[in-house]
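Consider the single chain below, provided in C-alpha cells and representing the form predicted alone.
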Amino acid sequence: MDASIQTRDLTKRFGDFTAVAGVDLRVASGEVLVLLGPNGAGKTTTTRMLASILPPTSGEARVAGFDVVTQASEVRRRIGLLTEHHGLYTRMRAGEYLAFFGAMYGLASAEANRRGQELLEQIGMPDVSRRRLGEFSKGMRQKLALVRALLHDPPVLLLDEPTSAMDPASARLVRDAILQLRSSRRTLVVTTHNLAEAEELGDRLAIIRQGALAAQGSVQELKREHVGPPIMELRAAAPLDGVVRMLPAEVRLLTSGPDWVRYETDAPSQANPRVLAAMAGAGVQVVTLAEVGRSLEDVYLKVVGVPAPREEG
C-alpha cells in the first residue's frame, strides 16, 4: 500500500535537549497508527512536526505526499488536527464556530453547515449549534474540536488524546466515530495513554521512549516479540497427580495446581495436540485448554523499562 505518512530519521532538538531522536515511521493509506509512550516521550512533538507546526531539526517527513518543511501549506490543507489544547472561542456559538472554520478551509457556507451538522449528529451532539461554547463541558469541547478537525474531510487525521476529559459514554462515541473512519482511505495517527483504546483502534502501534522509537508493530507482533511465546493453561476434571511428567518435551512447564497446569510453547498448533493425546493416554478428562491472555500493558511496561510481574495462577 502507498504510504500516506513517511518519516526518515525525524529529529527535533530544543537547544541541548533532544525531544525526538531519529524516528522512522511509515503509515499506509487507510491505516490507523497509535502512538504510545510516557509523558514527555516525544509523541506530541512528533505529531506537531507531522502537522507542519514544528520544523524538524534534521531528517524528513512527508504527509499526503508533501514535505512538511518545503510544502507546509499543502500539508496543512490535507490534515485534520486535534490538539490537547483546542483553542475554542468560548463566546461563539457552535454553528458560528464551525462556519468560521469552514470558511478558513475554503468550504461554501451551505457545505460547511451540512458537514458540521452531520458530524455533530455522528458525535452525539445534534442540538448544540446555537449554544455558546462557554457553556460546553470539557468533553463537549473535545468533541466539537474533533468535528472541526473533520469538517473539510481531510485524508489525514492527527488526533492527540482524542478522548481525554471525556466520560465513558462520550469516549465510546468518539471511538466509534474513529472506527468508522478507519474503513475509508483516510489515514489516522492517534496519540493516547489509554492502552485498551490503543488496542481497539490501532492497526499498528508505535511506542516512543525518550524521544526514540522503541517498538512498533501490530498488537500480536508486539506481544510475540516482547512478552515471549504463548502460555497455555490446561484444566482437568480430576487431580493431575503424576500426569504433569507426561507433558511432551517441546513444552516448558511454568506452574501448576491440583487440577491445572500452565506451560509455554513456541509452536502451540503442534504441541497442544500432543498434550491432549498425552492426557487422553493417561485417562485424564480435559475440561479446557486455552491460551492465557498476554496484555498490551505487559508489552508497554517492558518496552518503556518497567518490569511487569510474571503471571501465576
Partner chain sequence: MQAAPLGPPRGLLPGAWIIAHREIRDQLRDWRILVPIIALTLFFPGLMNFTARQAMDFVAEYDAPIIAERLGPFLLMVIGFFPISISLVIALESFAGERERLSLEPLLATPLSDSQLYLGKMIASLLPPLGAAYLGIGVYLFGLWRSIGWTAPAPLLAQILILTTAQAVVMVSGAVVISSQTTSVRAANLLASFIIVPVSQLIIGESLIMFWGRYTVLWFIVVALLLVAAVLTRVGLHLFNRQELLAREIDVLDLRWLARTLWRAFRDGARTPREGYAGVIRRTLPALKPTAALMALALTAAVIVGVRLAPEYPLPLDGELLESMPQTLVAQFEHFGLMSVGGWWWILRTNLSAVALATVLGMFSFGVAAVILLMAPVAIVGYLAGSLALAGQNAPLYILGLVVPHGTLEVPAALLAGAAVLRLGLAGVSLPRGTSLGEAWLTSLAEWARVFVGLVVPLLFAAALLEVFVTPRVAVLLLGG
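Just so we're clear, the structure is a prediction, and the values are computed from it rather than from any experiment. Residue numbers count along the first chain shown, from 1.
Quick note: we don't show the form predicted together with its partner chain, though the next part is all about it.
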property	result
In the predicted bound form, the residue from Ala103, Ala169, Ala238, Ala110 that sits within 4.5 Å of its partner chain by heavy atoms	Ala103
Listed residue that, although its partner chain is not shown, lies within 4.5 Å of it in the predicted bound form (heavy atoms), from Lys223, Arg209, Arg76, Arg204	Arg76
Region of this chain that lies against its partner chain in the predicted bound form, out of 195-203, 171-179, 209-217, 88-96 [heavy atom, 4.5 Å]	88-96
Contact of Asp127 with its partner chain in the predicted bound form (heavy atom, 4.5 Å)	no
Its partner chain contact at Arg48 in the predicted bound form, heavy atom, 4.5 Å	yes
Contact of Leu188 with its partner chain in the predicted bound form (heavy atom, 4.5 Å)	no
Contact flag, Pro155 vs its partner chain in the predicted bound form, heavy atom cut 4.5 Å	yes
Residues from 4-39 in contact with its partner chain (non-hydrogen atom within 4.5 Å) in the predicted bound form	Ser4, Lys12, Phe14, Asp16, Ser29
